[in-house]
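In the form predicted on its own, a lone chain appears below as C-alpha cells.
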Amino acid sequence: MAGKKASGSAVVRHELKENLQAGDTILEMKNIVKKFDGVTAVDGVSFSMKKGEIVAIIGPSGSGKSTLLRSINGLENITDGEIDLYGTTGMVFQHFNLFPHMTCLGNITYAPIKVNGVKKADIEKRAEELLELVGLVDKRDVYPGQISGGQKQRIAIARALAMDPDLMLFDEPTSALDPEITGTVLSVMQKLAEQDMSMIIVTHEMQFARNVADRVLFMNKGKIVEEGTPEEIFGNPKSERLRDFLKAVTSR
C-alpha cells in the first residue's frame, strides 16, 4: 500500500484491491483532524466501513460532515490522523458540478475516456445503461442548462458511476433541490442501495437515512457524538444533543 504524508503527522494510504468482496474493509479513518486557519472542523474522528455497507452522516450545519467526507477522496487534506482507502471513489456534490458545454452523455463519458482510456464506443454503451438507471435516456443529447436541478443531480450520479467506483460519496445531494423533485434523486440512490453499492451519504433527509442506511453517524462540533443502527439513532438516541437535533429537524 502506498503511503502519502499529507501534513504534520497525517498519513493517507490508498490501495486498489481487485475483487473486493462484501464484508471486506473498504475504508478506515483513524483520529482524523482537519483545521482551517487554526479552527478545528473535524476533531479526532475514527470510523471504518465494509464493502456493501451504507453509512449516513447526519448533524447540524457546520458540524464537519462535508469536510470529513471530502477528506476521503483528497478534496481536503487532513491535518492529522490516518486514512486507509481500499478502492476507488466517486463523488456526487450538492451543486451538481456538471460541465455546461457538454451534453449529458458527454458529461458521463468524459472522465472514463480521458482518465481511464476507455474506448468511446464502450463507455457510450455503459452511459446508455446508466441513463436508463437514472431514468434520463431521453436527455442524452441535451445540455445541463436545459434540464431541471433534479435531472442534473441524476446525471451527476450517472457520471460518478461511469468510473465504476468501489465507494460512492454523496455530499448533501438533495439540499439544493426543491422538495418536489428531491424524491427522484432519492429513488436513484435507493436503487444503488438495493444493488449493494458501498455509500457514505451526508444528508439532511432523516427518513431516507432511516430507511436506507446500515449505520448512522451523528456529528456535532467536529466529533462523532453517537453512532449506531438507524433504529438506535432515530428510535433510541442516547445523547441529549442528538435528541435535541432530531426534535428540531422533525418539527420543521
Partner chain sequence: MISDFISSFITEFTDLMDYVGILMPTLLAGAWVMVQLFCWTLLLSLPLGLPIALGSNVRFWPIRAFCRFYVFVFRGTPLLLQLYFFYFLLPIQFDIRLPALTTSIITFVLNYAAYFAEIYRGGINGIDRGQYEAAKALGLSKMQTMVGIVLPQTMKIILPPVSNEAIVLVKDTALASAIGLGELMKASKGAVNRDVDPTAYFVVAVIYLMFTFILTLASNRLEKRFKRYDERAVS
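Residue numbers count along the first chain shown, from 1. The model shown is predicted, which means the values in this text are computed figures rather than measured ones.
The form predicted in complex with its partner chain is left out here; the points below concern that form.
- Just one of L85, M91, I78, V134 comes within 4.5 Å of its partner chain in the predicted complex, counting any heavy atom, and that one is M91.
- Checking E129, D122, D141, D178 for any heavy atom within 4.5 Å of its partner chain in the predicted complex turns up a single hit: D178.
- Using a 4.5 angstroms threshold between heavy atoms, R210 stays clear of its partner chain in the predicted complex.
- Mapping the unseen interface onto this chain, N73 counts among the residues with a heavy atom inside 4.5 Å of its partner chain in the predicted complex.
- Put simply, L98 is close to its partner chain in the predicted complex: some heavy atom of it is within 4.5 Å.
- At a distance threshold of 4.5 angstroms between non-hydrogen atoms, L105 is out of contact with its partner chain in the predicted complex.
- Shown without its partner, the chain has R159, A160, M163, D178 in segment 158-179 as residues with a non-hydrogen atom within 4.5 angstroms of its partner chain in the predicted complex.
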